[in-house]
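Here's a solo chain for you in structure tokens, the form predicted on its own.
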């Protein structure tokens, strides 16, 4: 096992800044997810770690060793691509053993390693088949086995689950996480799927436009987003946002807009000094809003109209129109409320997020 350290990495393609001065570290044996939308620089970063791309500038260290000029074959990495990239004319056995054969290893030297790795991945019964004769999930396991057969120090995965159906993705998320936990290989995993990142990674680096917006563990990324981009990219349904102004009413601090008045919890008040102006964007997640059919006494409620209901099986998403804002509220409770009826929303003051309107940065930075 080995750690990864990236210092001021830049990768430009002519005028396009694919990766724009990023720094991060992956600890020994850690599972790090690079998360972001298409074109944000996460795959370019991965390919630069692999040595497929040469950095425009910056440094990449594996442990204490600078690898900028080290060829991919000499970096001791295992890599799994989105397309799996299996050789269609070879059997599963030959696909898995190919990296060792290419190094000139004898069959007696690698046969036991093939048997060991396919047992871990549950594909021992597929060794004589061709890739076209096995399912997508099985092909993905073969690609994992081929990458792991070299016993790499670093494991790099580029959206390996994106070609699978929803059921297989859920299953393979658990398989890959269990495998990484067992082997404790330092792993960098590229994905655009927030669920994959939140459920699999020890830490997440959220990318946008070639830059890292935030690095943290899944709980921190979800509960303490550092800017609006992270707040809206993480979470399904996404966080609700409302433009408001910070005001004090009878000694109590509120975020006030034309149709909303949200109380600011005392724990947030010390951070208000970070604001450049009282004009803010208030964010609150759908699960942190309660919805009532009738106006409850002694509660600070916001009135709205039920716009539409989205059933999710166990949960329901209530879309509530409050003035010009459309708020999403998610709850397990099935409320007997019809579309077009008046409803009342209560915001959990301790779960409110406040962002500077100009910089879009959280006040809790």
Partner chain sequence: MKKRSPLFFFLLPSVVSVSIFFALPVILTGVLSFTGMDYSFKWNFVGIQNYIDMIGDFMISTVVKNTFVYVFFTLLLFNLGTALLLALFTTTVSDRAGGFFRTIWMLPRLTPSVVYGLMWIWAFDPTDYGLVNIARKLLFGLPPQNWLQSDPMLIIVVANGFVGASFGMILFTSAIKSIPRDYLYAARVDGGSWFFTVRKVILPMIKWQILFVTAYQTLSLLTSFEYIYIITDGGPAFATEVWALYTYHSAFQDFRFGYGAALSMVLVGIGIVSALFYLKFFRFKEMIKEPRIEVDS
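Computed from a predicted model, the values in this text were never measured in an experiment. Numbering follows the first chain given and starts at 1.
Just so you know, the form predicted together with the partner chain exists too; it's not on screen, but the next bit is about it.
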- Task: Answer for residue 53 alone: is it within 4.5 Å of the partner chain in the predicted bound form, judged on heavy atom distances?
- Result: yes
- Classify residue 81 as contacting or not contacting the partner chain in the predicted bound form by the rule of any non-hydrogen atom within 4.5 angstroms, answering yes or no. yes
- Query: Closest heavy atom of residue 284 to the partner chain in the predicted bound form, within 4.5 Å or not?
  - Reply: no
- Although the partner chain is absent from this view, report whether residue 209 comes within 4.5 Å of it in the predicted bound form, heavy atoms only. no
- Query: Within 4.5 Å of the partner chain in the predicted bound form, heavy atoms considered, which of 72, 218, 237, 278?
  - Reply: 72
- State the residue from 268, 170, 85, 256 whose non-hydrogen atoms include one within 4.5 Å of the partner chain in the predicted bound form. 85
- Message: For the interface check, one of 45-53, 325-333, 61-69, 23-31 should have non-hydrogen atoms within 4.5 Å of the partner chain in the predicted bound form; which one?
- Response: 45-53
